[in-house]
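For reference, the chain that follows is the form predicted alone, supplied as structure tokens.
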Amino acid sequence: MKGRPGFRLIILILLLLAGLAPGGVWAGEFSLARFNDRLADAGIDYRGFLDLRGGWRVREPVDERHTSLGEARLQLDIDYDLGWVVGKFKGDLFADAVERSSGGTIREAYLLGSPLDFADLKVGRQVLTWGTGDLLFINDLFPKDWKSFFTGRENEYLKAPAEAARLSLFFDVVNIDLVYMPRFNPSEYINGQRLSYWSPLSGDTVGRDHGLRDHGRNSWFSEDEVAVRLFRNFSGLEAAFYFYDGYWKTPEGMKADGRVYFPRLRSFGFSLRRDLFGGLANLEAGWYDSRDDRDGDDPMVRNSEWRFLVGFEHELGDDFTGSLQYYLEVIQDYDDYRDSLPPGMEKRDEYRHLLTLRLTRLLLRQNLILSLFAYYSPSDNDAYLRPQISYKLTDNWLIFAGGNLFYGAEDYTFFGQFESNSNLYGGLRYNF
């Protein structure tokens, strides 16, 4: 839907909440507590929120609007206990002033049961995640929504849903997660719509006027994905091994017609996590086997890579925590990659180093939360800052503000390409 229906949806949502809230216009005729009791008796539990937020760019945009975010979002999260199986539905209604559209999305819709005493099975649309990184992902090769992350939506929207079947097996020796996705689930990548990016073909930063077009992989069962995790706790040491067979989650290849596509990818990795020196330490590594460019001599397909991550989190004081991470990407067959580049195309560094810092402070009886998450790459000489402040007015109402601030010495580095997308945002949330 386009245009004015989006604003009608905002008004409808506001009127609905005003009526159902305690003391609302329907409170005398409709008892929300009685309604909740009846749902509980039927095995139905629900929760949700209304989220209103807006964002504005702090730099001159490239082929984009000055407003980076402007939306109303109503989410309803329902659990239905059928006894032998649990049903889950989580969906959003939204009105987006930036894209001038409104509609709905389903984030989760699955059934969860235990066919055996040592097994759980979840089938349907679901959000999948594993690994030890804090906003850094090596063995978590499930879809992400980078547009939501970089424009200031709630962090939960970074994890995009996927159609999948997940079988969890629990044994004394090892626990196993098996995930099968019958159709490829790509990440919501930066393609020029809402956020500008660096185009190696044009040698410049471009936006919606030069949006990327991809060769989608939409075939069921023939373009599927498989992910496996083996994990166990050894006297406080959490150890896991990972395997993935599918495709790069962002389009890391380009066809002769200029359209991008998702090359084949296979990965192997492991992670360790345990308490150490009064804090929590983690180590993770993975090898990305880029199956469409195993020799590394095709400049239009991303090379195979090694990825490493080490992190440490510690309490710095009362209600004050901090964490550090070091992340490294190593390009395999780098000489072949460098020699194959067309003249004038910027080359990636063989080693990409990245440091992150998270600081979180709770004040005013933990109702006020101040946080900062910072990325800095000494090899790319670029950075990304995510400051945020939130205050809980009541048990239901929350106000917040934050930013997505990018810096780069060069326009072609990962964070540097997003400098013109730097934005500040704020909003109000009602939880029910």
Partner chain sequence: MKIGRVCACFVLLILFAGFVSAESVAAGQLSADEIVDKANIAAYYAGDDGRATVKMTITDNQGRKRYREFNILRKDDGPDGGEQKFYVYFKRPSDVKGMVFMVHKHPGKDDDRWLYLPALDLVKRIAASDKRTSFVGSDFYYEDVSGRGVDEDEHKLLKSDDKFYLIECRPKDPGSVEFSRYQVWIDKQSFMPVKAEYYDKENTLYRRVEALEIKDVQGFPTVLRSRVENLAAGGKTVSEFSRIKYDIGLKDDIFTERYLRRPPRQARR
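For clarity, every value in this text was computed on a predicted model and none was experimentally measured. Numbering follows the first chain given and starts at 1.
Just so you know, the form predicted together with the partner chain exists too; it's not on screen, but the next bit is about it.
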Legend entry - Heavy atom within 4.5 Å of the partner chain in the predicted bound form - residue from 206, 260, 127, 93: 127
Inset, instruction - Name the residue from 319, 333, 349, 346 that puts a heavy atom within 4.5 Å of the partner chain in the predicted bound form. - result: 319
Inset, instruction - May I ask whether 59, 223 and 285 each come within 4.5 Å of the partner chain in the predicted bound form, counting any non-hydrogen atom? - result: no
Legend entry - Options 236-244, 189-197, 214-222, 325-333; stretch whose heavy atom lies within 4.5 Å of the partner chain in the predicted bound form: 236-244
Legend entry - the partner chain contact at residue 89 in the predicted bound form, heavy atom, 4.5 Å: no
Inset, instruction - Classify residue 297 as contacting or not contacting the partner chain in the predicted bound form by the rule of any non-hydrogen atom within 4.5 angstroms, answering yes or no. - result: no
Inset, instruction - Determine whether any heavy atom of residue 173 comes within 4.5 Å of a heavy atom of the partner chain in the predicted bound form, and answer yes or no. - result: no
Legend entry - Any non-hydrogen atom of residue 307 within 4.5 angstroms of the partner chain in the predicted bound form: no
Inset, instruction - May I ask you to list the residues of 341-377 that have any heavy atom within 4.5 angstroms of the partner chain in the predicted bound form, in sequence order? - result: 362, 365, 366, 367
